[in-house]
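In the form predicted alone, a lone chain appears below as structure tokens.
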């Protein structure tokens, strides 16, 4: 038995070394070729893939493991490049017909292969596969779902967000950040769908829609955002306060104050921050009243908002410090913030 174990270990070690050496040889071939192709395209502003070594690359692609290594190297290069250089990598990927390998991964029963195939096709801008990827945007596996959602946005831009119409799973905070990042790198466009998403029963879809309104300054949706302050989910109302801070109008502050008494503690703090961002002098009486709140954090946020709303705030707060010594600490912190 011990002998069999030793033989298996020797076999496994030899096999591992074989693949390691094979991978090294392929990398030594593909990496300089990628670099030379990019340099040539930058110098001539045209892509020429028929450089010395291309035929050898094609020959090496007859081996499945070699193709796997070449795809990995091209994806690694694509992630760090943009413009003409990125286009050169994309063309090399398609010239070697590597998209067929990525497409096969979409049908894999293994989630990590499926997710990898999505990423490869979307990073390499293989738009002909957008429908295949779109079907996976509500997949039960979180990793596949996130890659598919990011993938359709990479391929289609704002139009790709239509998966939000039927999203049944919650969008994670990280996924929302990732989608917003992808959209920010694309040309600004007037896109449809936000109105529908603001009425979604999926709380994360509503929150993401509110972030879109805020990021792209969709002022015309102000009233729909205001209606989100009446949703039962505290997280939606919190994001609505944040969004209103970027698309406010003359009556926004007054309507926030009207909602304030009904809010949770955390949302009251967020409402005060929004009032400070709006900086409307007519809310000063309300903020002065809140500086008398029993909770120190509420008093702090109210004082900060007051300083942003009226020139008379400093005098009011100095008087409070005379009457109540606990205000000295609050004032000291606010003064440090102003100086910073």
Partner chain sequence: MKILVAEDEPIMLKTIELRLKKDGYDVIAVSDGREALKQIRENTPDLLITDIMMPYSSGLELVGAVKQELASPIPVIILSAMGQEEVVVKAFKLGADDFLNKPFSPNELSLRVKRLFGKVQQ
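What you see is a predicted model; the values in this text were computed from it and never measured. Positions refer to the first chain, counted from 1.
There is also a form predicted in complex with the partner chain; it is not shown, and the following applies to it.
**Q** Heavy atoms within 4.5 Å of the partner chain in the predicted bound form: which stretch in 225-233, 82-90, 263-271, 163-171 meets that?
**A** The contacting stretch is 82-90.
**Q** Against the partner chain in the predicted bound form, would residue 314 count as a contact residue? Criterion: heavy atoms within 4.5 Å.
**A** Judged by the heavy-atom cut-off of 4.5 Å, residue 314 is well away from the partner chain in the predicted bound form.
**Q** Heavy atoms within 4.5 Å of the partner chain in the predicted bound form: does residue 39 have any?
**A** Answer yes; at least one heavy atom of residue 39 falls within 4.5 Å of the partner chain in the predicted bound form.
**Q** Does the partner chain get within 4.5 angstroms of any non-hydrogen atom of residue 303 in the predicted bound form?
**A** Answer no; every heavy atom of residue 303 is more than 4.5 Å from the partner chain in the predicted bound form.
**Q** Contact between residue 178 and the partner chain in the predicted bound form at 4.5 Å, heavy atoms?
**A** Result yes; residue 178 sits at the interface with the partner chain in the predicted bound form.
**Q** Please pick, from 146, 106, 212, 77, the one residue with any non-hydrogen atom lying within 4.5 angstroms of the partner chain in the predicted bound form.
**A** Checking each option against the partner chain in the predicted bound form, the one that comes within 4.5 Å is 77.
**Q** Which one, 31, 55, 295, 282, lies within 4.5 Å of the partner chain in the predicted bound form by heavy atoms?
**A** Among 31, 55, 295, 282, a heavy atom within 4.5 Å of the partner chain in the predicted bound form occurs only for 31.
**Q** Go through 273-302 residue by residue and record those having a heavy atom within 4.5 Å of the partner chain in the predicted bound form; state none if no residue qualifies.
**A** Nothing in this stretch is in contact.
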